[in-house]
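Presented below, as structure tokens, is a lone chain in the form predicted alone.
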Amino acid sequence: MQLPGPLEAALASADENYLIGLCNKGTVNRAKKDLEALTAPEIQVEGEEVTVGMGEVVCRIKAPLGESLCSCPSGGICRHRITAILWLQRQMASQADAKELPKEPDFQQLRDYPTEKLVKQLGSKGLSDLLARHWNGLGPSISQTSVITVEMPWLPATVRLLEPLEHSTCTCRSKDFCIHKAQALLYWQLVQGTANPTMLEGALPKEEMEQVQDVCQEVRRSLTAQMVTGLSRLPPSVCETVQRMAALCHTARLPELERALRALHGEYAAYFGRSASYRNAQFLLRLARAYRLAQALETADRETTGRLAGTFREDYQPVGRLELYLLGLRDFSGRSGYEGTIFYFWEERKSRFYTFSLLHPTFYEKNTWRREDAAPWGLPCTLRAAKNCSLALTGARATRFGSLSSTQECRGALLGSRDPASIVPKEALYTDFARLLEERSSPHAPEVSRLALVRPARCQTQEYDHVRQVFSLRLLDEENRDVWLEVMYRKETAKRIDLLEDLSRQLQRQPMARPVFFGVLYREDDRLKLYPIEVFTDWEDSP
């Protein structure tokens, strides 16, 4: 059988990935089964196409393969057409003079697709978001075989780019060239160097950069006035001024500067509220950081602005099935304007920590509803009630730093209460504080990278500091290297301090006791310190 030249070339280059791109994996698998049961279809070559008769259906296969037709009522590429294509490929392979399959295509049509058309379809906001992700390294996952697969989980959407482009598919099921396909193609062109991100900046309206510069200039002027006036002469209304600037930064899509100003507002609130936790050094650090960031953003080009501005939240990526153990939780009330509860998990199979936050903003209004009373992932109880219990999550999503999503696609099952020593391996306990300092206390690391389970050789109780209102406990390893456990008195830490004081009295009666402390490590001055989240007094060594 002599096939038309264009069709023969199309069949030779269409591997399984290409066929899946034309339809889906399920259709291809069904077509493979149909192929095994297919006996002697009726074949007729007509010009540049081949007619394949298979019982009651007739397929007309031509190049490009996506333009093939079938007599069945299916609107897309059906299993009959895929079966016919697979049968023709089998006949080609069985011929003695079968040609070697070509190598991976160069996708020249996709490279040549006008970038300006993609920019026009995305619009200024879509292009701005795309460039920000590209500059921050938060773009999609791209794999390339006979098709280009672009996974964009934040939408969520997965696009398979084919040649010709009109045969590309998207999980949104749009038959048109949807916005997801435009994003995927432009991301790919940026990675390939076909599209220049610097040149794409010119397609964005200048008003956007002017808004950023105006907001940063106003922030810098306001902070300068605050520094010149001096803290002791500032009125309490400065809190409202800082809140207003933070709202402007939110509108201008400058999340990092907004967070810096929310944190500064928290310092002002602590000062005017005469909080014992207020520290001049911390206030000056917050003020200086906000000023320097505003100054850098005011004079930055668009690429640098994209990096400095940051993102409002991390993207959640699929992580599959997780087997989690709820080690502990803590009530949180940050000076950045959020409060709620943070839950801390140990994942058994990956031997790492995950966190889940139920927080709400307090800078707009005081929200009295406690989100931690909710049951995420379809669990039969709240997370507070699941403390020291194991649970399994299916279809879980998390950020690269281990923050879990509350997506409804994830389903959880409660597995019951268990002893933490049976969950956490012995090697995950830190008894050598030199290793603890090296591995878990990087000052610029995210919180999940500074979580640790610490088991000291002994503990030295300390007097409660009534001036600073700080409870402290000195933890020592076998070499007398120390870690200082400290908790400053606040409304949300009052119960925690009561429990630690009970522990301190217990340690005085039983000085050889070796509890396990779970918490967040940080460095302050020349000391390594631990903020305790949970204390396990009856931790049994695993066999």
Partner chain sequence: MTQLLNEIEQALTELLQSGLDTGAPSASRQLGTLAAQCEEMGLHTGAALLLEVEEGLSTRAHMIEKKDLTLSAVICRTIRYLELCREKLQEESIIQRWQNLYEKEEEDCL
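Positions refer to the first chain, counted from 1. Think of the rigid core as the biggest set of C-alphas that the two forms share within 1.5 Å after superposition. Note that the structure is predicted; figures quoted are calculated from it, not measured.
Same protein, other form: the form predicted together with its partner chain, not shown, and the subject of what follows.
The partner is not drawn, yet in the predicted bound form one stretch among 347-355, 166-174, 227-235, 406-414 has residues with heavy atoms inside 4.5 Å of its partner chain: 227-235. The three marked residues, 271, 292 and 523, each reach its partner chain in the predicted bound form, with a heavy atom inside 4.5 Å. None of the heavy atoms of residue 299 is located within 4.5 Å of its partner chain in the predicted bound form. Although the partner is absent here, residue 437 lies within 4.5 Å of its partner chain in the predicted bound form, judged by heavy atoms.
Although the partner is absent here, residue 34 is not a contact residue: none of its heavy atoms lies within 4.5 angstroms of its partner chain in the predicted bound form. Taking non-hydrogen atoms only, residue 46 never approaches its partner chain to within 4.5 angstroms in the predicted bound form.
Only one of the listed residues (381, 281, 467, 199) places a non-hydrogen atom within 4.5 angstroms of its partner chain in the predicted bound form, and that residue is 281. Checked against its partner chain in the predicted bound form, the candidates 474, 514, 490, 60 yield a single residue with a heavy atom inside 4.5 Å, and that residue is 474. Contacts with its partner chain in the predicted bound form, taken as any heavy atom within 4.5 Å, map within 452-485 to 458, 474, 479, 480, 481, 482, 484. Taking 2 Å as the criterion, residue 477 counts as shifted between the shown form and the other one: its C-alpha moves by at least this amount when the rigid core is aligned.
In a rigid-core overlay of the protein, residue 22 has its C-alpha displaced by under 2 Å between the shown form and the other one.
Relative to the superposed core, residue 78 undergoes a Cα shift smaller than 2 Å between the shown form and the other one.
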